[in-house]
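Form predicted alone, single chain, as C-alpha cells, below.
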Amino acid sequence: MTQSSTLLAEPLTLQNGSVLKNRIGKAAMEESLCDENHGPSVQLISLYQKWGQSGAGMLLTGNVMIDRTALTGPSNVVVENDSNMAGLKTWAAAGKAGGAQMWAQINHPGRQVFAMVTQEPVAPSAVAVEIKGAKDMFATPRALTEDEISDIIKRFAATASVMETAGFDGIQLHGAHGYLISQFLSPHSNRRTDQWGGSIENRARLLIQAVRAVRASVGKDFGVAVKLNSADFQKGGFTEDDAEQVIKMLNAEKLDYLEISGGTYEAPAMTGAAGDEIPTDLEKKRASTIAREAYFLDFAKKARAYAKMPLMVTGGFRSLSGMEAALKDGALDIVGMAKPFSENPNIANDLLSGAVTRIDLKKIKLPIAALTSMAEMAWAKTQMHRIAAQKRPNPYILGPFFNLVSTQIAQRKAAKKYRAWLETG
C-alpha cells in the first residue's frame, strides 16, 4: 500500500509573495532543443507541455543564453531581445499549464564552452579548462575587459526583462557549475588584480551587480533567484567559507530563493562524480553527504543558520523518505531534482501520490570522472529528446559510452549550423 507525501505537498510562499503549489522543483538540464533562429523549438515546447503536467511546483529551464556568441551548447535558446517573443510566450505557457511556476535559468558560459562551439571564449582570466582525457575540447580563454564585464551585466538584465514579458514567473542567475559567474567567484579561475578579483567581495562583484541589474529591470512581483556552488571541489578554488560570505551578501538582495549545488566540468560534484583534484578532506566530506542522499544537504543545513531566503537543494535525492526528512529537518524549502524528470516526466505526481517511493536511475560509470559526468548529461539529454518527440524514455536504448559518442557527433553537426547562423548576424 502506498502512502502519499505530506511535506512535499505543502505550498511555499516566495519572497515576492507568489506561491509554489508544492515543494518539488524540476532543476535545470540543458535541453539542446532550439529552433533555426535559436528560439524555443516545437520539440522544446512539447517537452515542457509534458513536464507542465508533471505535478511539480516549479519548472526551471536549462541554460537560456544571454549572448549569441557565448553558448554552453550549440543548440541553446538565445535571448538577447524580443525577436523570438511568440515562441517564448508559448514556451512559458506550456510549463505553466498545470499550475507550476515557470522559471528561466539565464547564463553565460565564460571559458566553459566547447571548442567546437567557439575557439575564442572569454573568462575572468586566461585560465583554460583542463579535463583529463578531454584534451583540446576547450580553447584557452582571454581575460574580459572591464567594459565587457559591464556589458555582460547589462545582458543579464536585458534577458530577464524579455523573459518577464514572455510570461515566465522568474529567472535564475546561474552562478554555479563552473560557468562565468562561478569562474569569477573562484580564485582557481579568477586571477585578476583589479576590482573583479582578489578578495571574495571583489570576486562576488559580478554576481551582486548582475542581481541588482536584473532586479532593476523587472517588476517587483517577478522572481529572481541564484544558483550557487557550496564549493567547486578544486584545489585553490571556491570554498564553503567563500560560499557563506556570498550568501550573506545575497541576503541584502531579497532573492526569492537560492539553489545550492556544487562542482564544475573539471570536478563534477553536481553529478556525484569525484574530480581528480578534490582535496582529501573535501572528498571525505562529499562521500559522507552522498551517503545521506543529497550531495549538498550538509552545507544547506549550515547555511540555514545565516541564509535569509528560501533554500533549494539539488543533487542526489532518490527516495521519498529522504525528501520528507530533509524538509522536516528544515534544511531546505524546495527539493530540486533533474535527471529523475528525464526518466519519468510524471515523477512529481508519482512522488506526491506515493506511487513512487524510490527513484532508481541508470547507473553510469566511465574510467574518468569528468567523462562519467558528460555521459550522464548526454544520457539525460537523450531521454529528454525522446519525451519531446512524444516517445517514452528508454534508458537502455544505447550504452552510455556509445550514447555519449552519438551525442557528441550530433553536437558537432549542430555546432556547424550554429556557426553558420552566427555569421548571418
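Keep in mind that this is a model prediction, so the values were computed, not measured. Residues carry their position along the shown sequence, with the first being 1.
What comes next is about the form predicted together with a small molecule, which is not displayed.
- At a distance threshold of 4.5 angstroms between non-hydrogen atoms, G237 is out of contact with the small molecule in the model of the complex.
- In the model of the complex, P340 approaches the small molecule with a heavy atom inside 4.5 Å.
- In the model of the complex, R318 approaches the small molecule with a heavy atom inside 4.5 Å.
- Using a 4.5 angstroms limit between non-hydrogen atoms, N190 is distant from the small molecule in the model of the complex.
- Three-residue candidate spot N16, R155 and R215; no residue lies within 4.5 angstroms of the small molecule in the model of the complex by any non-hydrogen atom.
- Only one of the listed residues (T159, S261, S186, N84) places a non-hydrogen atom within 4.5 angstroms of the small molecule in the model of the complex, and that residue is S261.
- When you look in the model of the complex, the only residue of L398, M29, I368, V356 with a non-hydrogen atom within 4.5 Å of the small molecule is M29.
- Stretch 310-318 is the contacting one of 310-318, 196-204, 123-131, 89-97, since its residues have non-hydrogen atoms within 4.5 Å of the small molecule in the model of the complex.
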